[in-house]
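Presented below, as structure tokens, is a lone chain in the form predicted alone.
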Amino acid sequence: MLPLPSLPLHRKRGRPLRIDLHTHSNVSDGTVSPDTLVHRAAAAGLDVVALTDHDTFDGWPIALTAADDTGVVVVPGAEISTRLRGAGVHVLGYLLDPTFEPLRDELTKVRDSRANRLARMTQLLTEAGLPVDVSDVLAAAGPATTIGRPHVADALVAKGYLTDRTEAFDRFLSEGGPAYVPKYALDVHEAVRLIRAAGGVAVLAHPWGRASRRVLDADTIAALARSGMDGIEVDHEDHSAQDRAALRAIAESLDLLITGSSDYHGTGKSGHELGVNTTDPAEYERLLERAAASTRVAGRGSPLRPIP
């Protein structure tokens, strides 16, 4: 556990903060290291960046060390895999205690399930005429501790079968595709409960951008809010202007946080450059206030580093 209990609000003189609350490093399915990500955030003019790798906290120490070198505030987080009525739903957990064992145990199950399905996925791809082995996927994953479909896609690209991750998902790896294999995931309400029990803040990630749209209507979002969900990622490249307006109205009606972010993956996802969407500083301040309250209620520590 990082002994970093304070939650200061960092302000820049003469301009508002530029805040990106959803990014990935090569600890999961991004393509750059956590420290490189923080340096790129600084170069992009960001003041605050959240590292939210899939189902892992392993990139936090490196990112927080890089924060000292750049002046960028790093908000530690994770994007947690969950399911709701058969659909995959992602929840962003911020400023939680990474030593909280019930959540750590669940994330270990998710990562193990991700790894265990590789054999079946590579078998299905080989039967479809794209010979690939688990060792090819692990080579493509490099230092990642959370291994998933993007690494399978990278292996297919490395072998010259396909041009990029998008083609791999469109043709083979998306839900319902010929090489899709489901993984273990938490119930979404349980994930929210565990994030809050770990002293963190729970925000629904890109709710209307993917398959989760079919299960995340206004009533369901309200039910998640009653379970303890703190916010909605509204400004995301997978959301149209109409989607954003509707989600913003839902969030305001429920007094939920409204966040914006890039969902940056390096070269692993096009059109999601750092800072392409940002979070309003007032919403960031509300997030910090909720994190402080959640920490007090849960009796857990906070991982956010104080700012000089």
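What you see is a predicted model; the values in this text were computed from it and never measured. So that there is no doubt, residue numbering starts at 1 and follows the sequence shown.
Beyond the structure shown, there is the form predicted together with a small molecule, which is absent from this document and is the topic of what follows.
- Of the heavy atoms in R111, none are within 4.5 Å of the small molecule in the predicted complex.
- Mapping the unseen interface onto this chain, K183 counts among the residues with a heavy atom inside 4.5 Å of the small molecule in the predicted complex.
- Heavy atoms of G148 reach within 4.5 Å of the small molecule in the predicted complex, making it an interface residue.
- Looking at T166, you'd find a heavy atom of it within 4.5 angstroms of the small molecule in the predicted complex.
- With the partner left out here, the small molecule still marks one of 91 to 99, 185 to 193, 149 to 157, 124 to 132 in the predicted complex; by a 4.5 Å heavy atom cut-off that stretch is 149 to 157.
- The putative spot formed by R18, H239 and R286 is not touched by the small molecule in the predicted complex; no residue has a non-hydrogen atom within 4.5 angstroms of it.
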